[in-house]
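The chain below stands alone and is given in structure tokens; this is the form predicted on its own.
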């Protein structure tokens, strides 16, 4: 069989799709890295201690396939039952389980726009059309979000890439009226101080997704959690990879959840820097939506966002630029350390002068 014949056997939906494009991971050289919403501070010391202690002969053994200890720690922290929690290789793994569990070819998913671009790639894998519904003014939830025959609706809260938080009242009102399964992607919820996990028993069609990558500074460990009614979790367990978390990831996740003091201290530091950054950008005359995440999303005037993005990279400062029509005038900037943020603001000021 010729190579073109092999490639011709690839599923049509795969050949037609565009894969998800992660933020740039720099190679050699020093960069100020504000493009992937990583935590600028190290993980809890408890995590590092636990990992050192876990490195040993037991690594020859498979990990717990259901990550029971991690789910027990999460259930205790968030006030739910162990069988209402599922663990994943990052929150993206949890999202993949949701797509595998619920979506047949032809089923429709809906998400407000702008949103997390991975949803488009995952929907293409299932050959399930993704409809992006433009948000209202100031990035509010679309009023007609439930009017498109969606089997599943995905809402990032706080939103990515804008950082805007959808109020609990708006989320609850949507849950009360929709017949769709609703997935709340709460990747940045720790920076907002709000969550919908406590709504699970009111709304059986709700699934909440969390990650350790942002507030817990464990992006490199790939850890995520999903919360839903036990009957839903049981179905998702059927489609997850057999050993989707390794032994070290489970140890790291448990230690992170058990050190809430470290989480609060680090989160509060990031929020203080975020407040300063938003004020500095506003004083430069830029429009900045009110962020409740660990990034900001300033609008760059005069159609210069792409040029400024490139100018920052030339100065070895990485931010994120999305070329979609609704966001092509903005840059997403992770809240780094005070020194990193000050360097970004000075470079941006010079580029806009």
Ligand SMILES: Cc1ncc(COP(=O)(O)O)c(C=O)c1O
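Since we're looking at a predicted model, the values are computed, not measured. Residue numbers count along the first chain shown, from 1.
The discussion below concerns the form predicted in complex with the ligand, not included here.
- Segments offered: 175-183, 216-224, 239-247, 122-130. Contacting the ligand in the model of the complex at heavy atom distances within 4.5 Å is 216-224.
- Proximity to the ligand in the model of the complex, defined as a heavy atom within 4.5 Å, holds among 277, 85, 187, 152 only for 187.
- Exactly one listed residue, out of 203, 78, 262, 116, brings a non-hydrogen atom to within 4.5 Å of the ligand in the model of the complex: 116.
- Using a 4.5 angstroms limit between non-hydrogen atoms, residue 146 is distant from the ligand in the model of the complex.
- Of the heavy atoms in residue 142, none are within 4.5 Å of the ligand in the model of the complex.
- The shortest heavy atom separation between residue 211 and the ligand in the model of the complex is within 4.5 Å.
- Although the partner is absent here, residue 194 lies well away from the ligand in the model of the complex, with no heavy atom inside 4.5 Å.
- Residues 90, 91, 92 are the ones in 66-93 with at least one heavy atom within 4.5 Å of the ligand in the model of the complex, listed in sequence order.
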